Structure formats: C-alpha cells, structure tokens
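In structure tokens, the next block holds one chain alone, the form predicted on its own.
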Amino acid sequence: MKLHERLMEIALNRSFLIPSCEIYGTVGGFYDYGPVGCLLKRKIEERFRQFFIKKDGFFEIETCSVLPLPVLEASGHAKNFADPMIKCKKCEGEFKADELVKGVWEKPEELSKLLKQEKIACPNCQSTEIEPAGWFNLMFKTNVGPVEGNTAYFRPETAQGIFLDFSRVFRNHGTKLPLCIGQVGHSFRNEISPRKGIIRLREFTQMEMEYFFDPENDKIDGFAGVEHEQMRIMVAGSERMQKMSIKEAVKKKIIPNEIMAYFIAKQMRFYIALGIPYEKFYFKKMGKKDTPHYSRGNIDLEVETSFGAIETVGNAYRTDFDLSSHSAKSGVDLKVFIEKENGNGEGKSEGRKVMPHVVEPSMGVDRLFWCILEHTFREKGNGKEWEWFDIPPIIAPYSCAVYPLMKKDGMAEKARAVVAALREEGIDAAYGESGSIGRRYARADEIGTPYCFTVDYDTLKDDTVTIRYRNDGGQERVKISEVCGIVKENLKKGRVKLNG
C-alpha cells in the first residue's frame, strides 16, 4: 500500500477526515474534518494568524462567500477562470485535458490536435474516442433572491473580498500605505475531476494576505531580519535546484521585490515550525507561460509528498490589476492619497494620489494539513509497536490526555477533575477510561498527543500524577497543581521527550 493510501486510511479511522455525505455515497472533492482533524486544522489557521497577521500588526477581515457577477467580470474570473476539459464518447467520463497530454498549446483546438497526435486514451475505459477539448468554467453558479437573472457565484478565491473592502479599511485605519489585510476562509472551485484526497477539493480553505503598497516604495520593515535566510528555489526552464539567500534572490530579480521576499522567508520559518522539514519543500519561480498577465512575478512553494510535488503556497505580485479593474467596473475611484511630511515637522501639506500595488501570499490550509500528516507520520519501531504522528506540540490536535489507571477507588473522579482544570485553562485535553493504560497511550500517540497524565494510587496519597512524553515514552511524577503550567511551558518549548 502506498503511503498516501495508508495515511488516508489512518486519517479516516482516527477522525482526522470524513468523506462528506458519506451515507449517500459521497461526492468527489468534498471532505469533512472529524473531531481530531478539526482541532488540527483550527490550530494551523490560528498559527497563521499569530505568525503572519497579529505579529506584524496587520488587519484581518471576513468577507462573504457569494459574489455578484459584476465583481467576477471585473476580476476576469467570469471569462477566464476555466480548465480545458475533454469527454470520452464511450463511457462519458470527463477529464482535465491538460493533465493527459504533454506539449505546448494555447487554444482548445491546439490541445485537441495534440490529444489526437499522441493517441491519448480515456483514463477510465482506455477508449481513444475523445470529444474535442473545450473550456469548463470552474465557478459554482447561483442566483440571488427569487427573481432569476441576479447571477452570482461562490467565490473562487478569498482575495476579491479583500480588494472590495480595501478602500473602507484604508479610510478607517490610518489612511497610510503600506496596508496589509488578511483573511482565512472557504473558497469554491468546481473541479472537473477532483482526486488525491484533500489535495484537490471543490470546497477548501485559504489563508490569504494582500499587502498594499506605494509602487514607488517596494521596501518593507523587517526585511533586514530575514535577508540572509537560505531558500531552495527552482527557476522555470531549469530542473536544477538552487540554494541562495533571500537577499541574493531579490538582487538577481528572481523575487520581484523585498516585500515578496519577506513573506517567502516567513513561509519557510512557518513550514519548519509546523513540521515540514526544510529539505522537503522548495520554491518555484513560474515561467511567463504560467504567470498571469497581470502579474510581475509568481513564486510557488511546493512540498514533496507521496503524491509527488504539490503546490501549497502561491506568491504573486499582482501590481494594481485588481484595484484598477474594480475601479473601472464600479466607477469608484480606488486611488488613495499619500501625504508627505513637511521637512520642518509642522504637519502634512502635500502628497499625491496612487493606485496601490499588491503582493499576495496565498496559502492553502487543506494541502498543508495533508503535508503535515505526511511529514510527521512515523512507522512502528524504536520502542513503539504502533504507527504515530510526531506533530509539533503547538498544533497537536489534543495538547494532552488524562487517564485514570483504573476506574475504581476514586481514580476516575480525580482524573476528571484534572482534565476539567486543564480545559478551564483553554487547553485541549482528551480523557479516556477504556482499555489498558498501554493501549490508551498508543491511541494518544496515533493522533499526535504529546503528553499523557495518569492518575494512579500514588495520586490518591500525594496529589501527584505521571506525565508521559510521546516521542520517547519517558515518564516523571509532577504535582497536580503544576499540571497546567507544565503543559503550557512544554507547548511553548516544543518539548516531546523526557529530557528533550
């Protein structure tokens, strides 16, 4: 069994994931997060907020998932957000055409010619009777209200809501550039043939930021603190992996400006902190063919997995395309006035109007979730007779578990009091009574729980409990009164071993 097949089986059996609408046979491209997976996903999102938004004093908003047609006409999605599709005449299966053929093409007619030349067969039934390729718009269409004709779509990205709200946020929060707005939310893409579990979904979660800045000043505070970070990068047209500093990549124009470079450096630190090894991810500078017409540079982050390399982050220098497009479509001037300080410090008297440029770091939650599972998964061995997850404590679904050695003699009551105290402190603590204590430890390891507390007969005498560390199984006695503090301190340090 391949690793991704085993992991999906484990994810389903350990309540990380649940196929959506499972009792009705499920629909491709939709997954629910179970009790364990939901905790992990929420903690990934919260780490993003802490690391990318709150730490730098940026703003977070939450925008609607349904967008009226004019918004998506202005953004270009109504016309251009489509994938090439083919249909098998024999089995009527529908497939994403560009994944079946190699070669250069721009129009569906050219793609159809390549499909015929290479004698591409249907992945389902192997028939070569394929209908000509065409475009399939990936947005979910709906109608607003009871009157037909009020066309709207579920948003294909969270970014457009940020662009639409930019002007008001700018006015309400200081009227200064740069201004960064972030958002965590669901997006929707009606994929032709979703597969690979949660790698390609029709409903997914994005963590996006739009950094608005004066195009005449593409510097950012904090760049000096990251400029020496070493990144692994592959430039389009070359299969050679290069290693260079963030500063060097900007100097060579591989990264378009210091702003994008700053976010790329932070993404490196973020991924490593979440359990993705440095040598297992790299950045990829997109070529002109794969770079949107409005962009002055796209750089993806790709992670090596059992599915192959998958894109999990997209960094784009979107220039002023979105704001200018919405300004033209809506008739609302989205330029902002940049005031200039007087040299004598007596106030502000002059300035200019500019259409801000934008650097966009866009991160997928679901794909990152899967990558964390892949790269923290551990086989049996080294004292463990079960598979387990070495998930960093700060994002572990449950921070700890509390178990009574046995249900009798007041141990269960004492253990429930300990778990209640932990939960009162905002700590995600699991509780279990069934099975041997060894089996309960194994179940905790299997979902990545870093610490287990056991209430036993000694607890009834001296109010101490045993803490067991996940990675090495090491144990020590601690006072019940110190349990909450110990968990918080261990989470902060990332401690997963007795002497670690």
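In this text, residue numbers run from 1 along the sequence as written. Worth saying up front: this structure is predicted, and the values here are computed from it rather than measured.
What comes next is about the form predicted together with a small molecule, which does not appear here.
Open item on the list: Taking the small molecule as it sits in the predicted complex, is Gln206 in contact with it (heavy atom to heavy atom, 4.5 Å or less)?
Closed with: Yes, Gln206 sits close enough to the small molecule in the predicted complex that at least one of its heavy atoms falls within 4.5 Å.
Open item on the list: I'd like to know whether Glu157 contacts the small molecule in the predicted complex, with contact meaning heavy atoms within 4.5 angstroms.
Closed with: The answer is yes: Glu157 has a heavy atom within 4.5 Å of the small molecule.
Open item on the list: Under a 4.5 Å heavy atom criterion, is Thr312 part of the interface with the small molecule in the predicted complex?
Closed with: Flag for Thr312 set to yes.
TODO: Flag Glu360 as yes or no: does it have a non-hydrogen atom within 4.5 angstroms of any non-hydrogen atom of the small molecule in the predicted complex?
DONE: Contact check for Glu360: yes, within 4.5 Å of the small molecule in the predicted complex.
Task: Contact residue in the predicted complex, from His326, Arg367, Lys285, His375 (heavy atom within 4.5 Å of the small molecule) - done: Flagged contact: Arg367.
Task: Among the candidates Leu115, Ile181, Ala152, Leu201, the residue which, in the predicted complex, approaches the small molecule to within 4.5 Å (heavy atoms) - done: Flagged contact: Leu201.
TODO: Given that the partner is absent here, state which listed stretch (351 to 359, 171 to 179, 251 to 259, 206 to 214) has heavy atoms within 4.5 Å of the small molecule in the predicted complex.
DONE: Only one stretch passes the 4.5 Å heavy-atom test: 206 to 214.
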